[in-house]
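Only one chain is given next, in structure tokens, and it is the form predicted alone.
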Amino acid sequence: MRVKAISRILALVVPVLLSLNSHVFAVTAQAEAPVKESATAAAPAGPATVAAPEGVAPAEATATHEAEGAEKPGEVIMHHILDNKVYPIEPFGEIHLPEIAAKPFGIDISVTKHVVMVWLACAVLLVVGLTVGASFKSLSSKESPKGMANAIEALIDFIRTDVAKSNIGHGYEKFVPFLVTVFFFILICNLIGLIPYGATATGNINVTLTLALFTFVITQAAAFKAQGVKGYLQHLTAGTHWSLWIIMVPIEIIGQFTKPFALTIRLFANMTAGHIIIYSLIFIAFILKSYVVAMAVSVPFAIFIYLLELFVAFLQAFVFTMLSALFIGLATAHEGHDDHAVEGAHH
């Protein structure tokens, strides 16, 4: 059974890594080709040398000239990690995404690679939600869900009970739809970035910042609704003496903005770092030009990091959802509720 399980994992992971290898190889070849063509076209009929500056050997000048035209591995990695308006599908070519000429308030709203991934994640989320919802409607009171519906039900129940109810407490029900949607959206975006020709939208700080702003707005609205304006302002003083308000109020206000900042950076950094490590491990074999390094270092370690990224995809979706619920719970907490909870614990 262990052999079968390992063989299934390798059957899933190895094709992905091979596609990444071919992807990087194609990009490297494309980067080197213009340099070779330009060098061939510029070379005269006789022995050719690059004109060396004064005090520089001809061989060093030639190497410097070729190095300036070649694209460095770091540039290739960042080209595929960062967002752009060209969607590469090597070795078949690339797709130039449509650009929008209008720029409201000077903001470029053209379609990019990560925008396409966000649309794809939304489409997958809608399809899964509608399919699971239809399967639940067709069930009788004596039947239990099966397959994907059973897995989705377990995840939703986990978020409702162990995330929302545990961190928010009284009135948690109205925040469950938001938390469930955020969890599945982030999870789908993370998983799409691990398939061939996919890109991780959550590796874009604009996407993570937008998700964090949703949490921030909902948190502030819930705090105003639960505590009122007077209670919200009292919360900014942290219950201290009025002589300390000049210190505590600015600290509390800054703390309100550091929470969405932490959500933004944590998700963005974790998803970006994993992909950079995988590309870097693959590029080691191309830099050293060694099959031994590829088989002993690049492929095994890239497989390990890829499997770790599968775990991180679920973990980061859970962490973002859990912290969002925690921030909402802290904002809506009442001192009276806390006192009753303490009394109940004593009893």
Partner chain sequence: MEGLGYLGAGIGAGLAVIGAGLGIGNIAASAAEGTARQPEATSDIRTTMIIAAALIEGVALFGEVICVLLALK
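Since we're looking at a predicted model, the values are computed, not measured. Residue numbers count along the first chain shown, from 1.
The same protein has a further form, the form predicted in complex with the partner chain, not shown here; the description that follows concerns it.
**Q** Among 238-246, 269-277, 137-145, 91-99, which stretch has residues with heavy atoms no more than 4.5 Å from the partner chain in the predicted bound form?
**A** Among the candidates, contact is made by 269-277.
**Q** Just to be sure I understand the contacts: of 305, 299, 284, 322, which is the one whose heavy atoms reach within 4.5 angstroms of the partner chain in the predicted bound form?
**A** Answer to the contact question: 322.
**Q** Looking at 123, 86, 265, 111, which is the one with a non-hydrogen atom within 4.5 Å of the partner chain in the predicted bound form?
**A** The option sitting close enough to the partner is 265.
**Q** Consider residue 221 of the chain shown here, and say whether it contacts the partner chain in the predicted bound form, taking contact as heavy atoms within 4.5 Å.
**A** No, residue 221 is distant from the partner.
**Q** Using 4.5 Å between non-hydrogen atoms, is residue 261 touching the partner chain in the predicted bound form?
**A** Residue 261: yes, in contact with the partner chain in the predicted bound form.
**Q** Is residue 314 one of the residues lying within 4.5 Å of the partner chain in the predicted bound form, judged by heavy atom distances?
**A** Contact with the partner chain, no.
**Q** Since only the chain is shown here, I'm wondering whether residue 78 would be in contact with the partner chain in the predicted bound form (any heavy atom pair within 4.5 Å).
**A** Looking in the predicted bound form, residue contacts with the partner chain include residue 78, since a heavy atom lies within 4.5 Å.
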